[in-house]
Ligand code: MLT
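In the form predicted alone, a lone chain appears below as structure tokens.
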């Protein structure tokens, strides 16, 4: 009898989360963005989040949590209750480069998160303030090599996409500029526009309006083909730096242990958003690469995270940089 009562009690307890899963979501969902408002990760999150809110019937509320190259926010998300009401937009910095940069990283992107889906890829631009002396990438390379120690490079914090991708650029050029950290890509872009820093590497999502307005210079896009959002900007292959090929990405993750039915609802809502013509136009106008088909799924994102960690860890180790 005692065993029967225990079994009945366990069965009753088990029905509670199951019911919660089937009704999910019944309240707003917090989406943690690991950087300041106005940056590329924040922008793409808000674009897809607006559509996902309509699909799910509950608002996706963006919460910007800055610090330590996005790892502060990622640690917070990892420790959140795995019930689908706290998720995070991770990216190349928080869920790949962080493994090589932080010896005491509080989380493992491969083990401590459940993948929901890739939002978009974001090509990287080599950018400079509008009065930077070089007129093209070849002149930029020559000038930076000659004046590297005197120049200031902006980034959104150690471990951020802007930091990591310029780390690769500086490594290829053999230069060590003064690195100026900001609380996000938005503030670092503002500093570039104001001429307070000399150059930076940034996701195209954050730079299209400024490049089009002529408030900053774009020397090249680090992808094999030109980007439709900035068709006049040459590729690094065309412009003379073929070894510099890199693209960032943003994706949704949930804490480890989030039930599969909840993950599937979130993945389906993201997939529907990425298929919506208005959402697609907004992302494409910013220069984003939208994943298609199976590239959007949970399994594809898990494989992508592993591949990105394998790619960036040796690059970071070779540069001899560690974040504290």
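Small disclaimer: the values here were computed from a predicted structure and weren't measured. Residue numbers count along the first chain shown, from 1.
Separately, the form predicted in complex with D-malate exists; it is not shown, and the next lines address it.
Comment: D-malate is not present in this chain, but in the predicted complex one of 186, 121, 115, 109 has a heavy atom within 4.5 Å of it, namely 186.
Residue contact check for residue 98: none of its heavy atoms lie within 4.5 Å of D-malate in the predicted complex.
Remark: residue 287 does not count among the residues lining D-malate in the predicted complex, judged by a heavy atom distance of 4.5 Å or less. Contact check for residue 74: every heavy atom lies farther than 4.5 Å from D-malate in the predicted complex. In plain terms, the part of the chain that comes close to D-malate in the predicted complex, with a heavy atom within 4.5 Å, is 161-169 out of 139-147, 229-237, 215-223, 161-169. In the predicted complex, D-malate lies beyond 4.5 angstroms of every heavy atom of every residue of 280-318.
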